[in-house]
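Below, in C-alpha cells: the form predicted on its own, a single chain.
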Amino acid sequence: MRLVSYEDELALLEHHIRAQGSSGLPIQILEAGCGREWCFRLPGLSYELTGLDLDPAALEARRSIKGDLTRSFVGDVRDADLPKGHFDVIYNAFVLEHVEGAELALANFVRWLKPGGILIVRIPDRDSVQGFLARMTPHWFHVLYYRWAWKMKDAGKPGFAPYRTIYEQIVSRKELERFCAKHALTIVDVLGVGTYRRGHGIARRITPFVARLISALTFGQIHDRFVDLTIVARKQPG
C-alpha cells in the first residue's frame, strides 16, 4: 500500500486509465455510480464515458450541467443490463458503502470488464476512523456533519450527498482482496488516501485530535493513518 494525497491519487489513477489506450480505439469507460461530476482530466486521450446512476436527480444534473457523458443510464449497479466484456475501465467511487448486496455489483463489474481491463474501486476505508464513525452513527448525523464541517447547504437533498450507508463486510481491504483473488482480478495498486485535517473552521482543527483519540482507544484496530482506500485491479485474460 502507498499513502498518498488526493491530488497524487488522481494523478496515479489517470496514469492507469491512460495506459488502457494502447489499441488506438477510444477507451470505453464506465463510471458506475457517476453522480454529479467526473473528477479526471484526460486531455488528448480518446475515450467514451458511460454513466450509470440510481439517482435520477444527480444524473440529470450531470447531463445538463457537466454534459461530459457519451451515454447515460438510470440504473442499479446490482442489476443493470450492460454488455458483457465491453469496458476497458470501470470506475466506482464512494458507492459500495451505500449498497446492500455490494458483492453483486462487484460481480457485474467483472462481467462488464474486458479481459485486460481495469477496475478502480474507491471506498472510505471501513477500518478507518471515518469508516467506523459512518457505520456507528445515524444518517441524520451525517447530513448535519456535511452541512457544518463541509459547509454543504444542500447536503441530504435529492441528488446530493451524503447517502445512507450500509457498509457490508465486502467493503474492506481484506474482503476486496479476497474477491479479486476469487474472480481472476490481479491487484496492481493499493492506495491509502487523505488525512483528517479536513473541513472548515473548528472542524478542521478538532478532527485530527478526535481521530487520534479514537484510534488510541481501540489500540489501533480503528486507524487514523488515512481516510479512503483505493484498489486498482486488472481482469486476467482468458
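Computed from a predicted structure; not experimentally measured. The first residue of the sequence shown is number 1, and the count goes up from there.
Another form exists, predicted in complex with a small molecule; not displayed. Remarks below refer to it.
Comment: the small molecule is not present in this chain, but in the predicted bound form one of 147, 78, 86, 135 has a heavy atom within 4.5 Å of it, namely 78. With the partner removed from view, the residue among 139, 98, 151, 111 that has a non-hydrogen atom within 4.5 Å of the small molecule in the predicted bound form turns out to be 98. Residues with any non-hydrogen atom within 4.5 angstroms of the small molecule in the predicted bound form fall in just one of 42-50, 27-35, 172-180, 208-216: 27-35. Within 4.5 Å of the small molecule in the predicted bound form, a heavy atom is found for all three of 55, 94 and 163.
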